[in-house]
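A single chain comes next, written as structure tokens; it is the form predicted alone.
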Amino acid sequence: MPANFTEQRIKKIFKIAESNVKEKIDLILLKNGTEPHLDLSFFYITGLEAGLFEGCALASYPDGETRVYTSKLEEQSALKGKDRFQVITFKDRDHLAKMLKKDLARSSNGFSIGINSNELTHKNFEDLKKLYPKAKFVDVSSAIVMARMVKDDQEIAAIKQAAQIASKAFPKLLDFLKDGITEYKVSAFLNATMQDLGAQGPSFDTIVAFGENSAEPHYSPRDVKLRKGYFALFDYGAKFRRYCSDITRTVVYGKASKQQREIYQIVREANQLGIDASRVGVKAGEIHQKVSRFIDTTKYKGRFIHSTGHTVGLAVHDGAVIHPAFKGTIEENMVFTIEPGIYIPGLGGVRIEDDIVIRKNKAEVLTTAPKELIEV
């Protein structure tokens, strides 16, 4: 099989996995359930942009050889990657089980099979144990997470395009705002606008929060109407070639009060501080501590209530957080968010979020929507 990104990504996972678990792994087997229980690493390895692949499987070997087991429903989508992996079509679940047992028969006799326990349902795991009763199953999920955190050029290009689509939607959003418009309507407008600009769709459920609702970081839009003097917070992202972006901008509808300006300026400075602190070799926890300590030097101590960011990729939360809870070190070509915020119950909140990719000497900001305080 010629060198390609499928082969490269598989070899990367095996290298990390064998370093982590300290034992030989003979193959990695991924098994999809039904939506939403699909293993995004199936798409990371294959690079397939179309298709759902419910109930499908993937087997990869240390030399990069990969076999994709697909239903007839997804066969044409799978064949788009036939230059990178072998495509094997099954008729139904029983047929798939028979083929897996036959094709991977050697794995049932003391071989080690790597599984992605983060994404494998209990039912699918029990089925695999019945197929391979003598195999040793090894959890390689942490290796898969680590491999996916450091992006290749193809992944970065897709995320950059997703970030540009989301950024271009922002000025269109501002023009759409008016007295009495609901969070629901603005959310729908944002989603449609991103698709008009080339997105597959939103990368997660769009957050539109007016007034005191903006103090809830993971708020869900309702029929709340926009009024003068409200904070209006928009947290949204585009999906492009399965890869996600994630951006947050906060504006004031009408004239900003002194307190609103003060809060906004602190968050704006914290956002830049986090971006400037994001460098190769820095621990993720150190970035968060710089941002949170800065906010805590102000009168809004304790009102920054979440991590400074998270990795972004095929999933909008792609495996790690920019927080001391993640013990890892920042590496070149990691992509993650910087999103400090201040949240005041009863008043509202400000969050400013950017997607960045780590280069050799600095962080490149992928989201380009303006960040100065905007009074609409």
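Residue numbers run from 1 along the displayed sequence. Bear in mind that the values here come from a model prediction, so they are computed numbers and not experimental data.
If you look for the form predicted together with another copy of the chain, you will not find it shown, but the lines that follow are about it.
In plain terms, the part of the chain that comes close to another copy of the chain in the model of the complex, with a heavy atom within 4.5 Å, is 135-143 out of 254-262, 291-299, 226-234, 135-143. Checked against another copy of the chain in the model of the complex, the candidates T89, Q272, N118, Q164 yield a single residue with a heavy atom inside 4.5 Å, and that residue is N118. Residue D205 is the only one of D205, D103, D179, D276 with a heavy atom lying within 4.5 Å of another copy of the chain in the model of the complex. Within 4.5 Å of another copy of the chain in the model of the complex, a heavy atom is found for none of T6, K12 and S19. Contact check for G47: every heavy atom lies farther than 4.5 Å from another copy of the chain in the model of the complex. Taking the partner from the other structure, another copy of the chain in the model of the complex has no heavy atom within 4.5 Å of any heavy atom of K283. Although the partner is absent here, G198 lies within 4.5 Å of another copy of the chain in the model of the complex, judged by heavy atoms. In the model of the complex, another copy of the chain stays beyond 4.5 Å of every heavy atom belonging to S112. Residues D205, E216, P217, H218, S220 are the ones in 201-225 with at least one heavy atom within 4.5 Å of another copy of the chain in the model of the complex, listed in sequence order.
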